[in-house]
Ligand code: OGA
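Only one chain comes next, encoded as structure tokens, the form predicted alone.
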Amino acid sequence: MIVKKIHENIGVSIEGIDLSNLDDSSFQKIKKLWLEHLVIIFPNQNISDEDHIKFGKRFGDLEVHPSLSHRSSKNPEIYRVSNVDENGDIIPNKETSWQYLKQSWLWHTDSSFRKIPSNGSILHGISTTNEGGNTLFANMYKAYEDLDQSLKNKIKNLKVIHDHDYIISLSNELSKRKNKGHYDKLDPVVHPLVRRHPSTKKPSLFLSPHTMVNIKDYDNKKGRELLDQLIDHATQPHYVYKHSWNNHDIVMWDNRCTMHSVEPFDNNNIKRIMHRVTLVGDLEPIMA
């Protein structure tokens, strides 16, 4: 196992292993490195969806995503982060599934709209591009740590309303449509703005701009200004690793202390096929 640091504040790459045939000792090392570095890149992992699911299940149960049109018809645990349908054709941009997926270009934390958000995600780049389409990951431990004390005091007891339907409202195209797509019904949830990681016990910002409606019991305008201030702070380059994809990279990240986004690319013409499994969360976020 060859481990290399990829950014001063977040992430390592691991080479010399096969995720489809992983002994327990190697798995335990990966789990430890994941908690320590937040993001792991596994290059050259041309594995099947079934092996992808098998690797994910070593960390616990896997989610089934609420967007029906993005689930794999063969393996519902696979979330198809793809502008290509299962026949290999680029989805027309008028389709609701295309519009929905484009919202991943916004900064977000996977499953922040659930009462118990996910522990982490594992994404397999099957057909990738270097003409945009890079994925950015932000270290939310470090972003919180560097806030001045007065701001930490201001936000320490605040809670934020998260809503899956807010994702749809942020799309100018989807919000105007009567048919906004087919999704499992999820009620809004409330999460702390500063959470404590259940394993490392470290505090971090919990931001997910594509689901954050507002700060609970807070003036709407002032709440949005505060959230935007924190987002701008947390996405500065020294907190962010930018991953340029190669086919069959697998990237794993900890949703409990990171945030991520996708850089725009020409998704009308360039095929980008990514399959993700998402680790079911253990418990509701704990206020730090």
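What you are looking at is a predicted structure, and each value in this text was computed from that prediction instead of being measured. Each residue number is its position in the shown sequence, starting from 1.
The same protein also exists as the form predicted together with this ligand; that form is not shown, yet it is the one meant from here on.
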Exercise. With the partner left out of view, is L123 within 4.5 angstroms of this ligand in the model of the complex by any non-hydrogen atom?
Worked result: yes
Exercise. Closest heavy atom of V81 to this ligand in the model of the complex, within 4.5 Å or not?
Worked result: yes
For this session: Using a 4.5 Å heavy atom cut-off, state whether M274 contacts this ligand in the model of the complex.
Result: yes
For this session: Would you please decide whether W253 lies within 4.5 angstroms of this ligand in the model of the complex, comparing each non-hydrogen atom pair?
Result: yes
For this session: Specify the contacting stretch among 107-115, 158-166, 70-78, 139-147, defined as having any heavy atom within 4.5 Å of this ligand in the model of the complex.
Result: 107-115
Exercise. T135, T211, N119, S204: which sits within 4.5 Å of this ligand in the model of the complex by any heavy atom?
Worked result: T135
For this session: Go through V262, I53, V240, L33 and name the one with a heavy atom inside 4.5 Å of this ligand in the model of the complex.
Result: V262
Exercise. Using a 4.5 Å cut-off on heavy atoms, what residues in 228-252 are near this ligand in the model of the complex?
Worked result: W245
